[in-house]
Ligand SMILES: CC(C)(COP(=O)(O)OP(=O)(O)OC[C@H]1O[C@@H](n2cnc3c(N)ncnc32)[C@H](O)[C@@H]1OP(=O)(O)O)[C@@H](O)C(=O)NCCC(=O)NCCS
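Below sits a lone chain in structure tokens, taken as the form predicted on its own.
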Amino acid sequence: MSKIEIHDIKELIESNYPPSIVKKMINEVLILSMQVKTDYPDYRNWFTTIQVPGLYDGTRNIIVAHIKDRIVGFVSLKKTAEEKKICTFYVEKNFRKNKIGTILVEKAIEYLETERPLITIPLNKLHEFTKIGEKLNWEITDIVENLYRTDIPEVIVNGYQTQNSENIILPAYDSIPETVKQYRIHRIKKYINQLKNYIYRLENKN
């Protein structure tokens, strides 16, 4: 396999790298991430109005992995006093056994200055993060419904996305089947309680 090259876009901007090349790299990340984020509403608008400006004001970063002229992986990051977060993390399927993901996460941890960055993962994609989560001892701390979509909840790792979310403490990160099981049990109990409350209101309406 050809040599893997890593580029830190924030560093390129600060070093006065040719703006046309930086812009081209950012657009390539957007095109690739649009394929990954097809199920997230208004992702393009978020990327262009929040992520990209953050590259220039010091609150955001994107680290990309290249093989020759091809971007094969990237990680989008947020770094503020309030939050250190991995916003998007992706490696193309054909390159996932070449330690590219590990390299990107190591670079992300270095930039964010924490070994336990906040990250949210759709429940149906949780299995894709098992190995790296286990390796770094990341911990599932919450599951939030209706955070980005109404159909699939978000698994919160290493923190809490919102103070108003239901706090569902779940097993260790490497226990994905148990995680899913506990979430489903919680959801069933929640619906049963809602049904009981509805019946109670009907019976006491008059």
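When you see a residue number, it is the position in the sequence shown, counting from 1. Note that the structure is predicted; figures quoted are calculated from it, not measured.
One more form of this protein should be noted, the form predicted in complex with this ligand, which is absent from this view; the next part is about it.
Interface membership of Ile71, defined by any non-hydrogen atom within 4.5 Å of this ligand in the predicted complex, is ruled out. Taking non-hydrogen atoms only, Thr102 approaches this ligand to within 4.5 angstroms in the predicted complex. This ligand in the predicted complex comes within 4.5 Å of a heavy atom belonging to Phe129.
Using a 4.5 angstroms threshold between heavy atoms, Leu77 stays clear of this ligand in the predicted complex. Shown here without its partner, the chain carries Phe47, Arg60 and Lys85, none of which come within 4.5 Å of this ligand in the predicted complex through any heavy atom. Counting a residue when any of its non-hydrogen atoms is within 4.5 Å of this ligand in the predicted complex, the hits in 66 to 94 run Cys87, Thr88, Phe89, Tyr90, Val91.
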